[in-house]
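Next comes just one chain, in structure tokens: the form predicted on its own.
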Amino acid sequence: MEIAANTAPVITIGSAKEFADKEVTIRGWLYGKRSSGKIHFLLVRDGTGIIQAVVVKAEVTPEVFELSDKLTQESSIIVKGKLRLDGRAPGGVEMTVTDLQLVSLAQDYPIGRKEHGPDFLMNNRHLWLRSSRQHAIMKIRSTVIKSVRDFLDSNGFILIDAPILTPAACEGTTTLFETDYFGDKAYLTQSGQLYMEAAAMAFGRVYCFGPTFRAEKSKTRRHLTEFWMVEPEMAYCDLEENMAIQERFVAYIVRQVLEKNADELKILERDIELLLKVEPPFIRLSYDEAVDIIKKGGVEIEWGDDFGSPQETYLMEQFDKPVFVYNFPAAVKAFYMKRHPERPELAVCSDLLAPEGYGEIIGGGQRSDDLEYLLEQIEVHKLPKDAYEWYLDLRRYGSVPHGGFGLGIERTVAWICKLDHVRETIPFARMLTRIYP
């Protein structure tokens, strides 16, 4: 349709308070409505907020009042009217409508106010994103991502993009998505870390940020097959400095969400008291100490086991702020991890676990800078040496102590928002049984 020229300025709902007592135009969609005879109350959303637009029969033309009566949920509309401050209204502002245009009348909207199951909602994810709860989660996700970039950019890190297609594994060969690459085998990236190690030898402090892929046959609330990860890497960085940067990094992200997304946290009914405690220093436990705590709690674990969801959940029920668990057994960590100089059965590494049962949000540590050790590990793990020659060159030409970490965006958002499942933290989730829509 052709939209008629309008003298009233077009504004966003998010800026409506700045236009109190003025006539304005808002372009959006009908979120909901109710009626009391001669008055229709339209809830209009535009992506920046929701406003109540009041259509009074005596104050508009018969055509406008009739149109407001026949509007269906998610019809796209343009409303014109005068704004006034009202503390009872959504967003603290209400509009008295003077004119209304229909852009497109929506068909019967499948997502109603009744309860829907997760499969139905995920099948309609393209529409579910319009709900206030999902909208709030996506806005918090956006803040988390911006905070990630702002912190790293302002602390001497340079963004270096890592490839999505790789010739070899980073985290283990059993969780790779394989694809044909002009007759050769290639894999969707599990991590950009190896490439960041190369970049760190050139630039000192670097990071990559993008999608990563794990072909894990897992149906837990913490796992996606496609997720987003930020991976900083630093030359001349030991484990202690690595953990110190991580805790400043996570504390900054949480502070930014608390400052910028107070309204969204309210929509999610998030109790922010524990988020307010996310300030350095975080708690530090050795793997040995963590295993003792888990065993005393009656949760099954043996020294040498990696932590799964039951172990992480129990451990984090004992603390009200993030916890570093460091020096895991080398056998459960990647081939490139540096061995502890006094206890070679341990890796110089750490996992950062979020409180409230959310478990690992960061994995990190020092990388081995010893060429001979890496050659041994490639053989032990039966990895194709030719595919790692470039990585081994980093130890042949100016090797230095270095380390880094990877933070998963979805798990971080799930914790900050206190969500039951990571599928709500990403616009379109990819899981073991889901690749639609």
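Predicted model only: the values in this text are computed from it and were never measured. Residue indices: 1-based, along the sequence shown.
Keep in mind that the form predicted in complex with a further copy of the same chain is missing from the display, and what follows is about it.
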By the heavy atom within 4.5 Å rule, which residue out of 299, 272, 262, 215 makes contact with a further copy of the same chain in the predicted complex? 215
Given that a further copy of the same chain is left out here, which of 240, 292, 279, 161 has a heavy atom within 4.5 Å of it in the predicted complex? 161
In the predicted complex, does every one of 45, 396 and 400 come within 4.5 Å of a further copy of the same chain, counting any heavy atom? yes
If we define contact as a non-hydrogen atom of the residue within 4.5 angstroms of the partner, is residue 339 a contact of a further copy of the same chain in the predicted complex? no
Applying a 4.5 Å heavy atom distance criterion, does residue 320 contact a further copy of the same chain in the predicted complex? no
Determine whether any heavy atom of residue 39 comes within 4.5 Å of a heavy atom of a further copy of the same chain in the predicted complex, and answer yes or no. no
Even though a further copy of the same chain is not shown here, does residue 226 get within 4.5 Å of it in the predicted complex, heavy atoms only? yes
Residue stretch of 328-336, 345-353, 248-256, 198-206 approaching a further copy of the same chain in the predicted complex, non-hydrogen atom distance within 4.5 Å: 198-206
At a 4.5 angstroms cut-off on non-hydrogen atoms, which residues of 407-437 are near a further copy of the same chain in the predicted complex? List them in order. 427, 428, 430, 431, 432, 434, 435, 436, 437
